[in-house]
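Listed next as structure tokens is one chain, alone, in the form predicted alone.
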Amino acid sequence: MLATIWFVLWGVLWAVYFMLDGFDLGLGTLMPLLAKNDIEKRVVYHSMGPFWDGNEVWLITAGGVTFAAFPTTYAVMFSSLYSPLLLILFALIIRGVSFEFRNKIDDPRWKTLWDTCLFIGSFTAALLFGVAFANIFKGIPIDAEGIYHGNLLTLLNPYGLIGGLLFVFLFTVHGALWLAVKTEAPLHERAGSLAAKLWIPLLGVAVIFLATTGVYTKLYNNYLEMPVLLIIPVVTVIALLATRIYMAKGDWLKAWFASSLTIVSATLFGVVGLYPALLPSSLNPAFSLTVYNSSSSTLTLKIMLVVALVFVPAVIAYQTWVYVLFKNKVTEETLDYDEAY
């Protein structure tokens, strides 16, 4: 029972991370298309600057939970997916450094360098998170000893790449909506227009992903055994359609919340379909790592649950305070502050 509780928490932590960091990964990817001059680029930086590092606390938490609650899965996952996870780490590092270094030297070439790093880091992380999770849903070639029989190219299979594209479009729509909420004209109009245009390929990729999921994975088995779980993909579809409806009405904040619900429910769709597996084996189902054969001891899970019940609310309270504190729109006057990006 405790292992199942931690499986649910594991999935929720990833869903919250993708919802929160998704908008700044998407915004970093879109910045070359949205910002036309240095002032607009600084507005884009500042619209995500106060939030991006706090958002990544959820990534650390999700990774920490994998390590502490399911150490065998952690060991096999981080050795099997070593190359993409290392690339994600480098991508997150260079985009993090770009926030701090861009304004250190007032030189266009220096700023262009870090703008490029922000774009590469954001796009690469979004794409590879999708590739990694699609491969987890599909199953990776691990044997009974947890040894990975493949390489980086093995992960770049059609289903993995579709998952990567799905994450890129989910995050770029999410990021454009966030910028529409946080800015005024002309960035506001440009971001809203781009979000509406990107929603169309997002819908197409989402349909392809759902169809190919039935071919490449066994995620639908849990839904066929317990039809009540179908509420999760239904909510995903409704949230995705609601995102477009709110865009048409010009209600960008509600569109952003609908996009958030789309990302959370899409992630949970995959996680629920996986259960009880954490890392399915494509070689033999008997080699899969599950909540039953890869979790920590009962005592460890109990202690961790107490720790989580104390500290997770504190993290939520802190992040809520940050979002409330920086709730106003970012304008050119905002950039006059010494702390501005």
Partner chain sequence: MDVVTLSRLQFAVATYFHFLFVPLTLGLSVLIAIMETIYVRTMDDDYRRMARFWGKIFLINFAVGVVTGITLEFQFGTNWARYSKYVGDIFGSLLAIEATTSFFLESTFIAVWAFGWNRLSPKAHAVTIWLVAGASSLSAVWILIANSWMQHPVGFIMARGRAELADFAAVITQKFAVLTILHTLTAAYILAGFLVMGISAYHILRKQDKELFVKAFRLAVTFSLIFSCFEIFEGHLHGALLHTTQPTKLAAMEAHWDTQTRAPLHLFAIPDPENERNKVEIGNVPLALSLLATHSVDGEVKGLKEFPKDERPPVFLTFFSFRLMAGLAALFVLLTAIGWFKRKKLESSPRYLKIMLYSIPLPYLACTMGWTLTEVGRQPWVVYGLMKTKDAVSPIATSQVFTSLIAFIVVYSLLGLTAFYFMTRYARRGPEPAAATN
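The shown structure was predicted, so the numbers you read here are calculated from the model rather than taken from an experiment. Numbering follows the first chain given and starts at 1.
A second form of this protein, the form predicted in complex with its partner chain, is not displayed here; the remarks below concern that form.
Visitor: Looking at Y220, F119, W110, F257 here, can you tell me which has any non-hydrogen atom within 4.5 angstroms of its partner chain in the predicted bound form?
Guide: After the contact test, the surviving option is W110.
Visitor: Its partner chain isn't shown here, but in the predicted bound form which of L229, I208, L241, L85 has a heavy atom within 4.5 Å of it?
Guide: Partner contact (heavy atom, 4.5 Å) among the options: L85.
Visitor: Between its partner chain and F78, T300 and V312, in the predicted bound form, does every residue show a non-hydrogen atom at 4.5 Å or closer?
Guide: All of them do, each having a heavy atom within 4.5 Å of the partner.
Visitor: The chain here is shown without its partner chain. Which stretch in 267 to 275, 102 to 110, 209 to 217, 172 to 180 comes within 4.5 angstroms of it in the predicted bound form, by heavy atom distance?
Guide: After filtering at 4.5 Å, what remains is 102 to 110.
Visitor: Within a 4.5 Å heavy atom cut-off, is Y246 in contact with its partner chain in the predicted bound form?
Guide: So Y246 does not count as contacting its partner chain.
Visitor: Against its partner chain in the predicted bound form, would Y74 count as a contact residue? Criterion: heavy atoms within 4.5 Å.
Guide: Although its partner chain is absent here, Y74 would touch it in the predicted bound form, with heavy atoms inside 4.5 Å.
Visitor: In the predicted bound form, does V307 come within 4.5 Å of its partner chain, counting heavy atoms only?
Guide: So V307 counts as contacting its partner chain.
Visitor: My question is simply whether H46 lines the interface with its partner chain in the predicted bound form - judged by any non-hydrogen atom within 4.5 Å.
Guide: Taking the distances in the predicted bound form, the answer for H46 is yes, it comes within 4.5 Å of its partner chain.
Visitor: Which residues, if any, of 42 to 69 lie within 4.5 Å of its partner chain in the predicted bound form when only heavy atoms count?
Guide: Heavy-atom contacts within 4.5 Å come from H46, G49, P50, D53, G54, E56, V57, W58, L59, I60, T61, G63, G64, V65, F67, A68.
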